[in-house]
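In the structure tokens that follow, the same protein chain appears in two forms, which are kept apart as structure 1 and structure 2.
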Structure 1
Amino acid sequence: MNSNTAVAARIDTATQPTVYHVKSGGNGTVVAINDLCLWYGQTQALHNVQMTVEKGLVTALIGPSGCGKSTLLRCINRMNDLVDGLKITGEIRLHDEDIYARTADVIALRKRMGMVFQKPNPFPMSIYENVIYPLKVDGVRDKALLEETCERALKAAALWNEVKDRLNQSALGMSGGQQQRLCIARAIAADPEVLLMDEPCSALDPIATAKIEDLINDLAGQYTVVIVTHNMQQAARVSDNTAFMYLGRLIEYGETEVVFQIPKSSKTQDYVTGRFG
């Protein structure tokens, strides 16, 4: 892109306020993000993001690469705490609790959420141990419960049939797509309230992708899902609300059908019709 147009776009997005037309799930909001700004050292990665995640719905985050989707997602379970030189202003509330408050219990917070990362990150242990890891850190020792959880999670992640005979083998010996599904199984093993997924299907074949989408649809209602995706069709298929981000700003946030069919922002229009990105 020409540098002139980039500057123009930045001025453009900075001046234009976010467009909202959020579909309500009728159960209130789970996560409320309020005027969130984030800096990696000197560079600002998020600008005044303001949005709510509706309870029981699936929320998709879309936007061109580098626009801050992962950053925003990782703010929700404070995964960004590990980054040196990180600065955050604004607040994020889980129900009514400010998760960035001094008194907030980060570990308890993370126990209420599950996260699937952009790149699969299985632990150097057996498949079984990987899946039950969230229960293990909670101190669950009941073998029957652990085995049952393992099976349920692996089935939900469409992995059970492939690995049921090698549960005790190292997870590092699996293929990339299998590892990603293993991470999904791990994320849902402890029944999290909110499931954060960062491009969970990027390494998967269409069949596994369809299964994961089914899983997301099954989870919706009971759980709340926030999913980052580059696949427009997928966003359209699985999500109720879609947030479009651009250059660290939230451009448009609202009902998925509207965002994809009659977007209210011209930027969104350009992106979903494939004019840039």
Structure 2
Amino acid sequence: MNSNTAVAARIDTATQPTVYHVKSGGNGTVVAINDLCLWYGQTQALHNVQMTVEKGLVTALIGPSGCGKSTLLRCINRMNDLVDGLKITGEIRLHDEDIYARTADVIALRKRMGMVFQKPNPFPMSIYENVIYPLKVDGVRDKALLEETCERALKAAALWNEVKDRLNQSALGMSGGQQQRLCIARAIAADPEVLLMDEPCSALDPIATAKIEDLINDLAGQYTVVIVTHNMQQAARVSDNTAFMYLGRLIEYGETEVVFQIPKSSKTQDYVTGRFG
């Protein structure tokens, strides 16, 4: 896309309202994003994003590189706070709480938001210590509770049968796919309300990717999941709702099947059919 085409696309996108046709899980809204704008210095990265995340469903954020999907994800647990020159307007509400209010407790917020990154990041400690780390940071010392939590989280992450006999071994000796499932176990050990995933399969091989996708399907309903992915087929396989972003704007947000098969926006149609990306 040359510079003139990019400018024309930006102007065209800016004049089009977001198309909404979101599937509801019937359990209400967990996260509500209202008129969110974000700047890095003088550069605006998000433009008037308006969307809700439904409880118990998997929501995928898709779009070309640099469209703002990871930036939006990191706004939900305020991971962008430490970026120099950051400015945010609008609001994000977790249930009825404005997470950007001056009185908001960021540490408490992040305990309610599990986070899984692109590359597995196990700590240089045992498998067991990795899983129970969030509880120990919170001051939990009850050995029975820690062991119960470890088993529950590893089972939820479909990892228990693979590691139950080597919990005291270093997590760094696990395969990449196992390490990522361990990070998911660590994220859900504290029983968060929302599980955020930023391209969790981008560093994994196809077999490990399939296991993570199966895990996401298993976690759906138990947790509210928001996943950023560059893989449209993955979004189609694992999500209930899909948000398509382009040039920092939310173009279409709706039921995944509709977004991929009969999108309401011509821009979404162009993207999912491979005309640009």
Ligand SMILES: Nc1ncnc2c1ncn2[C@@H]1O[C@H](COP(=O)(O)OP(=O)(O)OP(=O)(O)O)[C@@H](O)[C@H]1O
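What you see is a predicted model, and the numbers here were worked out from it, not measured in a lab. Residue 1 is the first residue of structure 1, and the numbers go on in sequence order from there. Whichever C-alpha set is largest while still superposing within 1.5 Å between the two forms counts as the rigid core.
Here the form predicted alone appears as structure 2, and structure 1 shows the other form of the same chain. Rigid-part assignment between structure 1 and structure 2: G68 and V106 are grouped in the same part by superposition fit. Treated as two rigid bodies, the chain between structure 1 and structure 2 differs by a rotation of the smaller body against the larger of 15 degrees. In the rigid-core superposition between structure 1 and structure 2, residue position N168 carries a C-alpha shift of 6.0 Å.
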